[in-house]
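Quick heads-up: it's one chain on its own, the form predicted on its own, in structure tokens.
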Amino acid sequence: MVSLAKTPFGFFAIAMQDQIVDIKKLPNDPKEVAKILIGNDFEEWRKGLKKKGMDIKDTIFDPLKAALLLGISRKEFLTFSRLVEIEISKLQIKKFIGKDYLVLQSVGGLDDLNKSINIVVNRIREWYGMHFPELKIEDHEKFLKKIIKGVDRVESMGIDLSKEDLQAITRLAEMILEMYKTKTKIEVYLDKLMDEVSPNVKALTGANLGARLIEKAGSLRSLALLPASTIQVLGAEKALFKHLQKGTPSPKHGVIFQNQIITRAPVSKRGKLARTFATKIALSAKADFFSPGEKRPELVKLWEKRVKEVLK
């Protein structure tokens, strides 16, 4: 019977009386050893020994004892093992943090941009409103472009501002317009990122809503493991807790209400549509996480078919 030992210095096959009968030495580089230890090299080596006819025990031989048999001191073993474990931890962290975390940061960045834009635009509207309160343009970008270009104040009830006063306002307006351009670029980036990270969810929900769902869940993995009932109310946590604590009506949907089909549907139909939509999102997320790169267009078709059945 042969026992196997998996150590940072190599793989050992040890027979009776602690005799090494086979060895696969590893390089003296902690980074390279870490890659080997978290890979399939040990299992491939084990299979090779079995093909040679070795009778291998299920139990693993003490790695420190195996290293001592090779003439490696306890101190040397512990020092090198520590360096290897550090490298293994780094590799596992990199593996754990996938590109779906870029989606989370992109969504957060867009939220921060929107908040900043709204705060400063409201300030500009109040500031410029002292000068020309009659200017009524709801669209923020059009409003900013208008005041940068300049307007004729015919019989305005606002106060007169100097050239320096107006320049201060237009500088802020120009900065916000640049932020709008940045926002557009990030949205384009997010659209491409969702193609790579979660194409099935994107096909079903669109890039923005799909990214928002991943952000609410915490990761693509978390979204893939959530039941459809939870996905349905993601983003409606406050309403859900209020329902549980005070008995108010339970929420029918969370951020999935952004879907135009659900938004425009009659109120009596929204619950059914939300349940179906959440179910298809759950299946799409599972496909993206467990079978990356595999597209499932039938999920979109099933959703479209169900919409027709509910709304007819």
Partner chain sequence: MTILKIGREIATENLVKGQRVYKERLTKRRGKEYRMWNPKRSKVGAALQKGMKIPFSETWLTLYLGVASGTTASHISDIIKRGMIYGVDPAPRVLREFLILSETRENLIPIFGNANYPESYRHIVPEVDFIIQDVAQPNQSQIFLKNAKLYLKKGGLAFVAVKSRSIDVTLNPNKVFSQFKREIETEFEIISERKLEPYEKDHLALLLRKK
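As the structure is a prediction and not an experimental result, all values here were calculated from the model. Positions refer to the first chain, counted from 1.
We do not show the form predicted in complex with its partner chain, though everything after this point is about it.
Practice item. Given that the partner is absent here, state which listed stretch (134-142, 200-208, 74-82, 163-171) has heavy atoms within 4.5 Å of its partner chain in the predicted complex. Key: Stretch 74-82 is the one.
**Study point:** Heavy atom within 4.5 Å of its partner chain in the predicted complex - residue from 32, 43, 55, 62
**Key:** Selected residue: 62.
Review point. Since exactly one of 26, 261, 37, 68 fits, which has a heavy atom within 4.5 Å of its partner chain in the predicted complex?
Key: If I apply the 4.5 Å criterion carefully, the residue I get is 37.
Point to revise | Contact of residue 88 with its partner chain in the predicted complex (heavy atom, 4.5 Å) | key: Contact check for residue 88: yes, within 4.5 Å of its partner chain in the predicted complex.
Point to revise | its partner chain contact at residue 289 in the predicted complex, heavy atom, 4.5 Å | key: The answer is yes: residue 289 has a heavy atom within 4.5 Å of its partner chain.
Check your understanding: Taking heavy atoms only, is residue 6 within 4.5 angstroms of its partner chain in the predicted complex?
Key -> Residue 6 belongs to the contact set for its partner chain.
Review point. Does residue 130 reach its partner chain in the predicted complex, with heavy atoms at most 4.5 Å apart?
Key: No, residue 130 sits far enough from its partner chain in the predicted complex that none of its heavy atoms falls within 4.5 Å.
Review point. Closer or farther apart in the predicted complex, the C-alpha atoms of residue 89 and residue 193, for a change of 3 Å or more?
Key: It is closer: the C-alpha separation of residue 89 and residue 193 falls by at least 3 Å in the predicted complex.
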